[in-house]
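Presented below, as structure tokens, is a lone chain in the form predicted on its own.
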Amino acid sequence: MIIGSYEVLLEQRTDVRRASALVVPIASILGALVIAGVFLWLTGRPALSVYARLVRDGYGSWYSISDTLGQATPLILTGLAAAFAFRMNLYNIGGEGQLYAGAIGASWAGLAIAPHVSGPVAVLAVLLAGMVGGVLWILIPAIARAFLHTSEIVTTLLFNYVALFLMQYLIFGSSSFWRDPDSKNFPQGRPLPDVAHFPQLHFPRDVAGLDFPSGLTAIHLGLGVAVLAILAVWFLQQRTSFGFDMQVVGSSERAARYAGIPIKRTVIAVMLISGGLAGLAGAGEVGGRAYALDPNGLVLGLGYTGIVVAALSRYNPFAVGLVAVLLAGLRTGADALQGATGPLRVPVAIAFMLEGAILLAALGGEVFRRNRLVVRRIREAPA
């Protein structure tokens, strides 16, 4: 870019320090807090007090921590889905749609299979059907990317809307198998039988001075599945030949072709695994929280937030878990702030604004981590 008599350009760094991989995400979060703090100040709210209340309501008690971990469960899986594909330079933006497809498949298994089998088998069927739903939903974009070199960004993004309208049609626009026949006034999803519900963590009624309603928490089996998924993704990437193939293909397809690595098969496999992880998130939402195919309750932007999680974690599976808990705490605290009184009453949109600001700051920080800004004076050519 030329400004007056100066040329401004980005020059790739030859010495990218390892410490910057940690500094950039932290600086991104701090920068987003500053930006959001300015908006809070302009609206007459004390930013520091709001942030203190946000942290307290998100992480300050056993009850809030359990809610945060419950909200973090789908974010871990959608974050892993995005990070797994991004690591090979495959930009799966369709985690949202794959989550919906997983929810459709999981609710079908809960309604059709669960009543005829035992509890563990029913839960396993819900999980597997959710994973299969996510895999099937990304299958067409994966094949198009591998054989036709179609941009997976466009196809996976467009499939999000198809999945959303399909889910809404099954409940609102038809008398499908998923719709509750007893809902007369407002269409609702058919509730899953109890045998298909994921086991939930129970605390004693008095834990650390807090009275849990009925001892139930928001933590369910899906959190254990998410932790196992983190370990599985790490092992697959770091300890298998498939993980090595991913690194080579992501770095240079020409080198991968020269080494005899099947590029098309690797691309399809990576995208299918990514879709399956997002589908597991949909299964967890159906079997562990909503207990039905609920178009309103599932449209929470969990797939899109997973992209933020993947970007902040720099595609590291273990960092995905930490970042997911961080962003889930923001949502939990923001929900509590919306019910506060006085100047601390803040709309829940503050959490989504923070997520967006963090993502923008992280992307900008990553650009300057790998490149330096150079300003040069343009020399006039001799006459």
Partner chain sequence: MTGSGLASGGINANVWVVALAGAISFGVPLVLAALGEILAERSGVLNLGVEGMMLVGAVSAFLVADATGSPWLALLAAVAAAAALAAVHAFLCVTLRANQIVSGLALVIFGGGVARFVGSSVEGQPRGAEIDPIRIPGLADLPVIGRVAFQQDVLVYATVVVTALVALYIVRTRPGLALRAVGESPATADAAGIAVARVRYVHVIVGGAFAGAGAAYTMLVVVPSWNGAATTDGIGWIALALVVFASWRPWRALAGAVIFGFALRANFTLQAAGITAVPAEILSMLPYLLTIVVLIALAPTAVRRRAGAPSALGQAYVRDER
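Between two forms, the rigid core is defined as the largest C-alpha subset superposing within 1.5 Å. Numbering follows the first chain given and starts at 1. Please read all numbers here as calculations on a predicted model, not as lab measurements.
A second form of this protein, the form predicted in complex with its partner chain, is not displayed here; the remarks below concern that form.
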Ala144, His149 and Val154 each touching its partner chain in the model of the complex (heavy atom, 4.5 Å)
yes
So which of Ala311, Leu127, Ile113, Ala256 gets a non-hydrogen atom within 4.5 Å of its partner chain in the model of the complex?
Ala311
Within 4.5 Å, heavy atoms only, which of Ala357, Ala319, Leu330, Leu69 is in contact with its partner chain in the model of the complex?
Ala357
Is there a non-hydrogen atom of Pro347 within 4.5 angstroms of a non-hydrogen atom of its partner chain in the model of the complex?
yes
Classify Thr43 as contacting or not contacting its partner chain in the model of the complex by the rule of any non-hydrogen atom within 4.5 angstroms, answering yes or no.
yes
is_contact(Ala336, its partner chain) in the model of the complex, heavy atom dist at most 4.5 Å:
no
Is Trp234 close enough to touch its partner chain in the model of the complex, meaning at least one heavy atom pair within 4.5 Å?
no
Within 4.5 Å of its partner chain in the model of the complex, counting heavy atoms only, one of 301-309, 182-190, 223-231, 276-284 shows up; tell me which.
301-309
Does anything in 150-185 come within 4.5 Å of its partner chain in the model of the complex by heavy atoms, and if so which residues, in order?
Thr150, Ile153, Val154, Thr155, Leu157, Leu158, Phe159, Tyr161, Val162, Phe165, Leu166, Gln168, Tyr169, Phe172, Gly173
CA of Trp41, rigid core aligned, shift of 2 Å or more between this form and the one not shown
yes
